[in-house]
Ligand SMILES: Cc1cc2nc3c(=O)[nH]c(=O)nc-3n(C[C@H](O)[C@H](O)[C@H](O)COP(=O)(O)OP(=O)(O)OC[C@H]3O[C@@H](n4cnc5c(N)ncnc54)[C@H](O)[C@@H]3O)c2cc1C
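A single chain, nothing else alongside it, follows as structure tokens in the form predicted alone.
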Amino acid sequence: MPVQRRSFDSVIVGGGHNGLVAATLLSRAGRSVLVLERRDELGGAAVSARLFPGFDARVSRYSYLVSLFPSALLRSLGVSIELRARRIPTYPPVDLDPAWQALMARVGERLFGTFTEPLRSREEMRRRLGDEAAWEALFETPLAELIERTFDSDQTRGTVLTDAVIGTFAAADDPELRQNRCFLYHVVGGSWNVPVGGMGALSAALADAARHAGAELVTGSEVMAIATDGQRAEVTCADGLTYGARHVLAGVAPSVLATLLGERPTPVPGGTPEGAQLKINMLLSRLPRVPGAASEDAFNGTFHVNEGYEQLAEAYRQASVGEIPSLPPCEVYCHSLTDPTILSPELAARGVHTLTLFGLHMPARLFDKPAAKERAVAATLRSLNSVLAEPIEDLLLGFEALTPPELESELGMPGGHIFHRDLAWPFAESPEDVGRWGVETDHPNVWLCGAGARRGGGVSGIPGHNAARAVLAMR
């Protein structure tokens, strides 16, 4: 028989960065809070690891940049981690004209502040933007139309489009506008920055804030079931312990939460969540040479590899019929250029660097076939080598590749989807949701607080903040 140990005001299932944000805010409000994390470390996907034996390098293994985390929220949590902008945003350089940059800045300035407020209606959000042409282009029409009428260069078009297909398997002209939603989340919050010390440093700081506020954080505790009558809940773990709670906040994917509740997942547009990326972590003896550019310039920001507009379209076409793209589009980042602290002084003195590769249009469906991972990795390295002056293999000190099925196994992300499911618009899409927080479920005391919440995705802390606000608003 399960043994109930204690009861709490709130039990948080999952100790990712959002769960830690919620734990801090609830504990500071005087609530008793327990965080239960399945893995042996806190942080979820926002962790660092010494992946390569014999080398003292802390690699941001899964997520690697801080995106939409509001600076005011970080300050309110008492987290003072340094976020550094990369010196050169993108390579090869592209010409984003002032009108385009002004449009993106205007969208962010007018809309991003609403992400940590109760949901507005679609029409309220439209009025807040105050730009009918921009609204039509970003929220009503496939992004392809805006990109194609704004830019003539195939390279520029492709560079812009990458923000719409990071972790999202969609074409530029997808009528369901999944690419538009992904694009919005990538541009609305400003620059994507490198946390000094790696992603693990951010999660460690968030965990410290939660502990200091009074939350109890437990690792190695896998939740197996959640039962609720709408007033009280019971959380059962694999070790046989159960915990009572007035509220349960779920930092897991919505489909995982449904399973824990003993329910069938609610059908969503697009069906089963499916990740669409190949992540490769590398340690190099030095940076590779790049034709026509200094390596430090090429790799300081986002190094785009075969991500032209037509190349992206062809890769999507091939992947959509079950083929590994012949020239996989990908982008590469060298975080050790921006943050040398992730390397030991000895490695830094030797000129060693980390390299992170994020491959696009690699949906989970491709990896059901034998040796698919090996073929995908080989194709991706060929793609990378096609833009280098020397083979990347000659410089490797350490190497790891992660496919969507592996992310599902390691992190519990359904289909390896890094956003837990396709991103949703950051406003209410039904009248009854206006004024809510986008974290509600069918149970009045069970809340989403992970990337699958409305206004989720990325390393933002926003779902954790919004779930805590929703709980605190309850009488």
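Keep in mind the model is a prediction, meaning the values are calculated, not measured. Numbers for residues come from their place in the sequence shown, where the first is 1.
There is another form of the same protein, the form predicted together with this ligand; it is not shown, and what comes next is about it.
Do Leu25 and this ligand come within 4.5 Å of each other in the predicted complex, heavy atoms counted? Result no; Leu25 lies far from this ligand in the predicted complex.
Residue-level question: is Ala467 within 4.5 Å of this ligand in the predicted complex, judged on heavy atoms? No, no contact at 4.5 Å.
Heavy atoms within 4.5 Å of this ligand in the predicted complex: does Val252 have any? Yes.
Though only this chain appears here, would Ser221 touch this ligand in the predicted complex if you measure heavy atom gaps against 4.5 Å? Yes, contact at 4.5 Å.
I need the one stretch from 50 to 58, 430 to 438, 416 to 424, 25 to 33 whose residues put non-hydrogen atoms within 4.5 angstroms of this ligand in the predicted complex. Result of the contact check: 416 to 424.
Are Trp100, Gly190 and Gly301 jointly within 4.5 Å of this ligand in the predicted complex, each by at least one heavy atom? No, none of Trp100, Gly190 and Gly301 comes within 4.5 Å of this ligand in the predicted complex.
Within 4.5 Å of this ligand in the predicted complex, heavy atoms considered, which of Tyr309, Tyr316, Phe358, Phe151? Looking at Tyr309, Tyr316, Phe358, Phe151 one by one, just Phe358 meets the 4.5 Å heavy-atom criterion.
Check each of Arg178, Arg157, Arg86, Lys279 and return the one that places a heavy atom within 4.5 angstroms of this ligand in the predicted complex. Selected option: Lys279.
Using the arrangement in the predicted complex, list in sequence order the residues of 35 to 60 with any heavy atom within 4.5 angstroms of this ligand. The stretch touches the partner through Leu36, Glu37, Arg38, Arg39, Gly43, Gly44, Ala45, Ala46.
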